[in-house]
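Only one chain is given next, in structure tokens, and it is the form predicted alone.
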């Protein structure tokens, strides 16, 4: 299949099993540049397995994944270099300052000196975090720690930003702020894949992949998936899940 140049992430017929249990059964979708695409599914749907495959923590035995035109199986380093990731569980050194933590991460990408400083300032500005740069991570609230993790994922200017349930454990105001910031990143040209089980994080114009028991049940705009009712009602009908709001 020829992938259009606007496609930043392509997942084609990806399958994965844990022993005899099917975790993903032929998952296919794309994420275009400048698009916020929600991967919506209840717990156990296969979202985390898919993210593990996308980030090479697991290797897909079947199917094809490409990032910014790089085949993840054939050119993993090139593909992963074009990807920024925010995992569900925080991965922060609480005793470093925000800027120290970001400098350390920049170094992992081969960035140092003025180049690293410019990239760090740009990433902090995009998340409204520049004034917090000198604070220790421990001093930040949950919402600002998440913003810092997103800023960290942007340092190397990725084509694709992956976020796995990024608002878990945050209060309502922090959830809204994080969701709004990431929508702004997509509006600025980034390809975003946002995994969630909460429909209130999704706007009507967002593209949505509904994943349940390893299978895609819908792939359309949130408004199209909702039909004449609400997205929460449609999600409940498709998956039988009550925790959708």
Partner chain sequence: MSIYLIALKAIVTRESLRFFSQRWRFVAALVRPLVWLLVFAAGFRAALGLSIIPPYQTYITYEVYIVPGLCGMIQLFNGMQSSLSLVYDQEMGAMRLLLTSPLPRGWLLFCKLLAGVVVSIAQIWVFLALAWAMGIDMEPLGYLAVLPVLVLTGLMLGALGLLISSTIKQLENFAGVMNFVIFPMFFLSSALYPLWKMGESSPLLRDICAFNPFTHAVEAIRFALYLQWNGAAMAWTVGSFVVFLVLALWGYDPARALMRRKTR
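Residue numbers count along the first chain shown, from 1. For clarity, every value in this text was computed on a predicted model and none was experimentally measured.
Not pictured, yet referred to below: the form predicted together with the partner chain.
Engineer: Just give me the single entry in 35, 196, 52, 179 that has a non-hydrogen atom within 4.5 angstroms of the partner chain in the model of the complex.
Structural biologist: It is 52 that has a heavy atom within 4.5 Å of the partner.
Engineer: Please pick, from 135, 157, 93, 71, the one residue with any non-hydrogen atom lying within 4.5 angstroms of the partner chain in the model of the complex.
Structural biologist: Exactly one residue meets the criterion: 93.
Engineer: Answer yes or no: in the model of the complex, does the partner chain come within 4.5 Å of a heavy atom in every one of 56, 77 and 80?
Structural biologist: Every residue of the spot touches the partner chain in the model of the complex.
Engineer: Using a 4.5 Å heavy atom cut-off, state whether residue 229 contacts the partner chain in the model of the complex.
Structural biologist: Residue 229 lies outside the contact set for the partner chain.
Engineer: For residue 130, is any heavy atom within 4.5 Å of the partner chain in the model of the complex, or not?
Structural biologist: Close contact is absent here: in the model of the complex, residue 130 is far from the partner chain, nothing within 4.5 Å, heavy atoms only.
Engineer: Does the 4.5 Å heavy atom contact test between residue 152 and the partner chain in the model of the complex come out positive?
Structural biologist: Residue 152 belongs to the contact set for the partner chain.
Engineer: Determine whether any heavy atom of residue 107 comes within 4.5 Å of a heavy atom of the partner chain in the model of the complex, and answer yes or no.
Structural biologist: Flag for residue 107 set to yes.
Engineer: Please name which of the stretches 93 to 101, 139 to 147, 167 to 175, 118 to 126 has residues with heavy atoms lying within 4.5 Å of the partner chain in the model of the complex.
Structural biologist: That would be 93 to 101.
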